[in-house]
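Below, in structure tokens: the form predicted alone, a single chain.
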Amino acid sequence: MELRNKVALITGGSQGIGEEIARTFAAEGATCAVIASSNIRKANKVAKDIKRKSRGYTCDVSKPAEVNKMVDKVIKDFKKIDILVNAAGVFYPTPAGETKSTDMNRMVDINLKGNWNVTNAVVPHMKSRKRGNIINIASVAGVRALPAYAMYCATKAGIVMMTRALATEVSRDGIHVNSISPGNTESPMNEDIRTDPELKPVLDFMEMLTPSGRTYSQPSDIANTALFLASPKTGGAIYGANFVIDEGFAAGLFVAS
């Protein structure tokens, strides 16, 4: 029970990596505030499944007013926030010369500004308690360029640097800030690539570039890394680090023989 009596706020907690982190944290004793972008039923279902008096909430992380209201509600309901996991995000191509400004703005507003909005709302509470743990979900695309995904790469690289800078700012307040950069990880976001026969060439190309031979990691691989960082036993001396969990994808060019 690594996280007994801890309260974790998890954005993007109703599906994919965020949901798996919520389930893993709850299994280790944490009460979770499961945040969905708009579907309260999905958030409530996860909260009900994981128990520990967890609750579901909705919030558009790109809107500071909604974020502040949500964070205030979570603190009112649970009296504290020990852990923040910023897992909300969107993923889609933004090819140069073909990307609408609305698509570019949505990417930045959710992936980068959204991460900051929630962090900005939670940090004062953590400072007042002189303790806290913030885990940002970045991406291997923040450390390795992906053609046609320039804006996604930019937002995730921004999260990595935001993590480092914030860690230097708040570590003296007892707050740990670190990031995890997943590689290809099974989630609803990429189900089409994994299952659509027409997209098999894309899948084959990604497999060719993955040294481990396992093209998609499991969400549990990322969740266990988050648990490592959130646990007082293992994450106590870690500040401003970025953990790349990607089957070796970012290590360099790999072509299967």
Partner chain sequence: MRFENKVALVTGGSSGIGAEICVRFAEEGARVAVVASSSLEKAQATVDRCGENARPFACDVSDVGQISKLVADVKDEFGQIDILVNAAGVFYPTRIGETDEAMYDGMADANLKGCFFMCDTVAPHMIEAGGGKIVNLGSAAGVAGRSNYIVYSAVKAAVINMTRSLAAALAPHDINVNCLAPGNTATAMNENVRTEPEYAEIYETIKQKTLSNRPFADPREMAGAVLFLCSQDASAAHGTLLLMDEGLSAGY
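In this text, all values refer to a predicted model and were calculated from it rather than measured experimentally. Numbering follows the first chain given and starts at 1.
Omitted here: the form predicted in complex with its partner chain. The next part is about that form.
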item: Residue 224, heavy atom within 4.5 angstroms of its partner chain in the predicted complex; value: yes
item: Touches its partner chain in the predicted complex: residue 69 (any heavy atom, 4.5 Å); value: no
item: Its partner chain contact at residue 164 in the predicted complex, heavy atom, 4.5 Å; value: yes
item: Contact flag, residue 19 vs its partner chain in the predicted complex, heavy atom cut 4.5 Å; value: no
item: In the predicted complex, the one of 190, 217, 58, 62 near its partner chain [non-hydrogen atom within 4.5 angstroms]; value: 217
item: Segment assignment from 112 to 120, 150 to 158, 166 to 174, 99 to 107: heavy atom within 4.5 Å of its partner chain in the predicted complex; value: 166 to 174
